[in-house]
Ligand code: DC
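In structure tokens, the next block holds one chain alone, the form predicted on its own.
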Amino acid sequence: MSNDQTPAARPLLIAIDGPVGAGKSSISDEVASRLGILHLDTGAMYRAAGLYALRQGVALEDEAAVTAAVLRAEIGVRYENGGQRTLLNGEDVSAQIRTPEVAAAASAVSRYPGVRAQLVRQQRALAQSTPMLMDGRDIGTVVLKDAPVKIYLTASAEKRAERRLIQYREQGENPSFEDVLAAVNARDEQDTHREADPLRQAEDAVVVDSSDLSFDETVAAILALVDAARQKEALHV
């Protein structure tokens, strides 16, 4: 390439990782909306896999059976009114996957390498040429290793439990704070110590701790990081 040629802009890809209850889905929705790009909630895809295993009556501790079931399932997404709808064999299960039972099933099935490999293939394919924000627990470390913007969104376990409790009560569930906090801590332990693609901060990710930040302040902090990356590199939306 001659010196007077400008490098071609590449798609803006944003990887947001973090523990359960950090607000990744809602924060990512808003950030993607402000930027005019798609948001892929990968956690919803694992929840759909967990829901399918439950519906099939598969023992969640049976890795071979769970993996075989997920390979049979058709898990997809569509975008409607600016938001992601999660599909399981053509059925919109966006509401059904937001229960404590399905969250626990998602945590169980996401441990298995065969399940993760199947969903990672789908996630990478979706991001090949489209500007996109993707959130999950292994986006910056596995799915989008070369993403120009990597963020590790976190908060204290107590704050994350408070937020998760509000979500459950909005859905008509009424677990105790102690039970939700115990579930958050258990999920952290499992996610950070699982053999396949454990949750960890990518070396080049920037930490955003939202423990003492409002929703709008967290969104603003992430948008500032994106803006800095766009000024540094040729990225297009």
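Since this is a predicted model, take the numbers as computed values, not measurements. Heads up: residue numbers just count along the shown sequence, starting at 1.
The same protein also has a form predicted together with the named molecule, omitted here; what follows describes it.
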Even though the named molecule is not shown here, does A155 get within 4.5 Å of it in the predicted bound form, heavy atoms only? no
The named molecule contact at R47 in the predicted bound form, heavy atom, 4.5 Å: yes
At 4.5 Å between heavy atoms, is R187 in contact with the named molecule in the predicted bound form? yes
With the partner left out of view, is R98 within 4.5 angstroms of the named molecule in the predicted bound form by any non-hydrogen atom? yes
Within 4.5 Å of the named molecule in the predicted bound form, heavy atoms considered, which of V115, V149, A106, L144? A106
Among 37-45, 65-73, 201-209, 173-181, which stretch has residues with heavy atoms no more than 4.5 Å from the named molecule in the predicted bound form? 37-45
Check each residue of 127-154 against the named molecule in the predicted bound form and list those with a heavy atom within 4.5 Å, in sequence order. G136, R137, D138, I139
